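The chain below stands alone and is given in structure tokens; this is the form predicted on its own.
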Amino acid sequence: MRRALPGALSPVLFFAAAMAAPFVLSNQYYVSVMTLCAINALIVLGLNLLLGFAGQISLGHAAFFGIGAYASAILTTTYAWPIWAGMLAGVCLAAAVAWLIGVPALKLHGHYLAMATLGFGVIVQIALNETTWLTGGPSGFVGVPRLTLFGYTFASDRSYYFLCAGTLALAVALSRNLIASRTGRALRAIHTSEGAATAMGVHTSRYKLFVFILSAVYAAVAGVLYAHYLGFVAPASFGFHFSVQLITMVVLGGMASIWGAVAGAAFLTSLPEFLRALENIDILVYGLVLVLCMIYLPGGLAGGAAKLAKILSNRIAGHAGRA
């Protein structure tokens, strides 16, 4: 029971720390960066459920992010839908597309699955670029209204950050409960050996489709929050390069780690912002940091933190024993 307590409290502590962050870093620029960190972390959290726990790779997750963003933006701006209805429609559309894509694509494995999802992502980006009458084309879609829920408008950056951080904390809690459930055990079994999982009676195709749709829903929710935060969306934000960046966040944070997903997204989202002061060499330093992290932290940030905690625990225990 004592060992379970910290794990049960960690989402609460995370939520408390996230809520306190804007008061510690009161600069509006930092609050804006933290908001983007929370939005990206929500996508990476869903992708980690798919890749880290179920072992199914996706190189097109930016497409679900874009579908949620564009659907909500178009419905609330062009067709004057209530914002809550546009948001819900965007998430439902992404889930429906994930089902349509997932049923045939998830029969593939490894590189073939990666190529199928890559193709899907490219198709979505081309569609967003070419349907200028609907999406605004390469120039983007402007005039997206600020998010309003239950009569309250999230007008300030701080209030919007609280919304995004609260949504992320809820997603973290839901993901932890999912992983600890029978479904989570089935996903880990599929990752370890799909053939063995099938032999043990696990309905692998159903679980893979479920986690694929769930990860798409996470991305769509993030897309909705992104669109109504910036007030502008463009196809370039939802392309192949962003999908690769999402995969990098998962790997750098730590595969099959809920907190690793959050840490990886926060680190890679905020790092370029803090490297802007280096001007022309910022991209070189960014690449060097990634290389060093992958060399010295093969288990990701989460694995590195676990090793550090173990070392400190052993040293404290050693000092206590000598005393």
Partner chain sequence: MPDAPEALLAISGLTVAFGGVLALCEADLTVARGSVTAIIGPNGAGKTTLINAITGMVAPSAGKILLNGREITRLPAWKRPRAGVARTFQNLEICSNMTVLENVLTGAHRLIGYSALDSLLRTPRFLRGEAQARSMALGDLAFVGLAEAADLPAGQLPYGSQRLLELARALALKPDLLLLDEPAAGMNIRETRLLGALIRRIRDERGVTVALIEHDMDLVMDLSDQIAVLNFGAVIATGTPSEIQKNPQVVTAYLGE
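Note that the coordinates shown come from a computational prediction; the quantities given were computed from them, not determined experimentally. Positions refer to the first chain, counted from 1.
Omitted here: the form predicted in complex with the partner chain. The next part is about that form.
Listed residues Leu178, Val251, Val217, Ile74 were compared with the partner chain in the predicted complex; Leu178 is the one with a heavy atom within 4.5 Å.
Shown without its partner, this chain lists Lys107, Arg146, Arg158, Arg188 as candidates; in the predicted complex, only Arg188 has a non-hydrogen atom within 4.5 angstroms of the partner chain. The partner chain in the predicted complex comes within 4.5 Å of no heavy atom belonging to Leu93. Proximity of Gly201 to the partner chain in the predicted complex falls within the 4.5 Å heavy atom cutoff.
The partner chain is not shown here, and in the predicted complex it never comes within 4.5 Å of any heavy atom of Ala85. When contacts are judged by a 4.5 Å heavy atom cut-off, Val122 does not count as touching the partner chain in the predicted complex. Stretch 202-210 is the answer when you ask which of 127-135, 202-210, 242-250, 161-169 has residues with heavy atoms within 4.5 Å of the partner chain in the predicted complex.
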